[in-house]
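Take a look at this single chain in C-alpha cells; it is the form predicted alone.
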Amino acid sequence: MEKGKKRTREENKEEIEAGSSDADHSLSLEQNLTFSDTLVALRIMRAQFPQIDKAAIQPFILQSQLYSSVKDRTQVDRDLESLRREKVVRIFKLNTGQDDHGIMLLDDYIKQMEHVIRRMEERKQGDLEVFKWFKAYVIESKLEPSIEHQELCSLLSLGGRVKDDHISLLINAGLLTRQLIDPNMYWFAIPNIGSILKGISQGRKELISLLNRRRYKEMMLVPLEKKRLRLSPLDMRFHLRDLIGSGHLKTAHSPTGIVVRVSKD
C-alpha cells in the first residue's frame, strides 16, 4: 500500500474489487509474477481466481500466493492486518497445512454465507435465526480467525436465547470448525470449501511430482503454466503462486525466460 497516504476502507475495497473488470486473464504468469504492493496483488489474484464448475465458491487468495508476488513479506503481513481491521478482508486458517491461511473479501464471504443460508432455508433445517445473529453480532465484531465458545455464545445472545442446536447449525453450515487441540475454540471457516481444499493438497503433490520427474527437477515457466493438473479443480497459475510463496518451488531468470525448480530440502 502507498506509504504516507492513508486510504479509507472503501477505497481499499474498491481497489480490490476493481480487478474483476480490468485484470487480463490472458496475461501469462511470467508477465505478472510480481506486483508492486499487496492491494494490487489481491485485486489481480481475486480477478484471476479459477472458474470452478462444481463448487459454488467466491474467490479467495492464499497468503503464500501473496508472498510469492510481493517482495516484502513483512509489508504483506502489515497490509493484511490493516485490511482485516478495516473489515475489507477476512483471514481464515485452512486445514491444508500448518501455516495455510485463506484471504477473502468480507463482501465475498458474506455472499458465500448467504448462499449457504438460502440452501438451508430451502431444506428447512432447524432454527435459522442464528445465522442473522452470527452475521450481525459475530462477524461484525470478531475479526480474528478464531473464537472461544463463551465469547461466541455471548455475541450470539445479543440476538436471542442461544441453544446448543444453534452452534451445531453453524458448524453444519461450514461457518465454524471446532479446533482439535481445544474443543472450546472454533476456527471461522469458508462454507463449501471442502473439495477446493482437497484440490489444493492434491494439486501441490501433483505439481511437485511432475517437476521431480524431470531431469533437473525444473521446467520453463511458460510451458509449465499451460499444463493441466488432473487432481485439482484449480489452475496451474494458482498452484505455482502458492508453492513459490511457500518456498517449495523457486524461480530463476534465464536468457530464455523464468525457470521454475523444486527447492532443495
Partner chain sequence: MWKEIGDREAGKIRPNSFSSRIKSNRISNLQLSNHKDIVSPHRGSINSLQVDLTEGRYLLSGASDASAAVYDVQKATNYEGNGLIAKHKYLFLVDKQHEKGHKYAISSAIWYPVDTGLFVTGSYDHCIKVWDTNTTQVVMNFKMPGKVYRTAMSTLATSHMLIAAGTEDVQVRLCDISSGAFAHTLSGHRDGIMTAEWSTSSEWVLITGGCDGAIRFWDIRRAGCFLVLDQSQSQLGRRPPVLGRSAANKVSVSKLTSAGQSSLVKSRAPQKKYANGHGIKQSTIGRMPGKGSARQRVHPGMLSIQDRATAHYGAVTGLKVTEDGMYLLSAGSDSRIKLWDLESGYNTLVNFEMVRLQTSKAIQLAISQDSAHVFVPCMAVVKAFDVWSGKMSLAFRGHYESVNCCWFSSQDQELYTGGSDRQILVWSPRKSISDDMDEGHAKDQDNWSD
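Since the model is a prediction, treat every value here as computed from it, not as a measurement. Residue numbers count along the first chain shown, from 1.
One more form of this protein exists, namely the form predicted together with its partner chain; it is left out here, but the text below deals with it.
(Q) At 4.5 Å by heavy atoms, is each residue in 101, 150 and 154 next to its partner chain in the predicted bound form? (A) Contact check passed for all of 101, 150 and 154.
Q) 190-198, 72-80, 112-120, 128-136: which one contacts its partner chain in the predicted bound form at 4.5 Å, heavy atom to heavy atom? A) It is the stretch 72-80.
**Q.** its partner chain contact in the predicted bound form: residue 180, any heavy atom under 4.5 Å
**A.** Residue-level check for residue 180: no, no contact with its partner chain.
Q. Would residue 67 count as a contact of its partner chain in the predicted bound form, using a 4.5 angstroms cut-off between non-hydrogen atoms?
A. Flag for residue 67 set to yes.
(Q) Would you classify residue 163 as touching its partner chain in the predicted bound form, given a 4.5 Å non-hydrogen atom cut-off? (A) Residue-level check for residue 163: no, no contact with its partner chain.
Q.
Quick check on residue 247: any heavy atom within 4.5 Å of its partner chain in the predicted bound form?
A. Contact check for residue 247: yes, within 4.5 Å of its partner chain in the predicted bound form.
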